[in-house]
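Have a look below at one chain only, the form predicted on its own, in structure tokens format.
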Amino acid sequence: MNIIVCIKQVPDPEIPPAKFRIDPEGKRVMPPEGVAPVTSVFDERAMEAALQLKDKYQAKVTAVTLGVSSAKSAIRHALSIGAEEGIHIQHEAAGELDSFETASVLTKAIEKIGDYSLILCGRQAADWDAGQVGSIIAENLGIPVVTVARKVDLKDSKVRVESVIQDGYRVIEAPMPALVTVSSEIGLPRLPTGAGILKASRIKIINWNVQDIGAELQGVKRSQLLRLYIPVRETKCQIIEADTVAEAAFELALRLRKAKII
């Protein structure tokens, strides 16, 4: 069984929010210099789900990413924890693509890979949280999609998914090939071992560009970012002056009632 895992490199979520800057003209988030991006946390869970299936069913795992040249390090990390093959679709303007364009490119890459039983994606990217790419890929490929998985297994040639809902989970089975988006409930991702890092360094990463896979980016976006800004939060303080604590408490209660807080 061949499993394809789509991963994305994002700014390190451990960076304090105050360190980020906004480019309002370019509508871009600008993380601090010198801090390397990391694999999106939900994509790490998708990789973990794939590796659990590999451990159980001897599957082959292929990691695919679309991104700038530095995104290759995300592929190298996937190889170090157990993926057999890594594909980097290099596109220096990947950050400017919307969900539909990103899904279109990944769909073409998956079609070029050809032989797959299961595609796993994170439930959403940890930078924009759109949560659209996985479902659009499934629509493009004409295959079933199950979202927000907390467990992924196989049964009778079908994929069996425990899908998170508000008060618990539901169990869904779908024929393969299928696409599943994975949530953090599946568990912490495994860490690379020294041997894994050494093995990954010896694996040649496959490099494609959008022309190699026949993807056509027409520059027509189906969603548009209108404004990117950091909200301004104002904190105001009022000091209640009174002769006694009781009088101050009474005045406080009156003001809270006037403000319809109590």
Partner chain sequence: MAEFKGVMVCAEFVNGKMSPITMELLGIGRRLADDLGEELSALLIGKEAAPFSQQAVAYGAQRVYLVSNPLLDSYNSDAYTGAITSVCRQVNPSIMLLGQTDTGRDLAPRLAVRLGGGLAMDCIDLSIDPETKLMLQTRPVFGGNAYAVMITPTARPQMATVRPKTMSPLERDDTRQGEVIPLEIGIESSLIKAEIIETVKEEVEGIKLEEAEIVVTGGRGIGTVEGFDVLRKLAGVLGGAVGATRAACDEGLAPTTMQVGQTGKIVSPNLYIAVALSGAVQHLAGCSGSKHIAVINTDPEAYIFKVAEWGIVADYKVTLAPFIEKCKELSTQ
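Numbering follows the first chain given and starts at 1. C-alpha atoms forming the largest set that superposes within 1.5 Å between two forms make up the rigid core. These numbers were taken from a predicted model, which means no experiment stands behind them.
Absent from the display: the form predicted together with the partner chain. The rest refers to it.
Only one of A94, I87, I136, L154 lies close to the partner chain in the predicted complex, with a heavy atom inside 4.5 Å, and it is I136.
When you look in the predicted complex, the only residue of I203, L217, L225, L198 with a non-hydrogen atom within 4.5 Å of the partner chain is L225. When the partner chain is considered in the predicted complex, Y169 lines it closely, a heavy atom lying within 4.5 Å.
Not displayed here, the partner chain is approached by R150 to within 4.5 Å at the level of heavy atoms in the predicted complex. Mapping the unseen interface onto this chain, G131 counts among the residues with a heavy atom inside 4.5 Å of the partner chain in the predicted complex.
The closest heavy atom approach of E234 to the partner chain in the predicted complex falls within 4.5 Å. Note that among 190-198, 58-66, 203-211, 41-49, the stretch whose heavy atoms approach the partner chain to within 4.5 Å in the predicted complex is 41-49. Annotation for 90-122: the only interface residue with the partner chain in the predicted complex is F100 [heavy atom within 4.5 Å]. Positional change of A195 between this form and the one not shown stays under 2 Å at the C-alpha, relative to the superposed core. If you fit the rigid core between this form and the one not shown, you'll see the Cα of T235 move by 2 angstroms or more.
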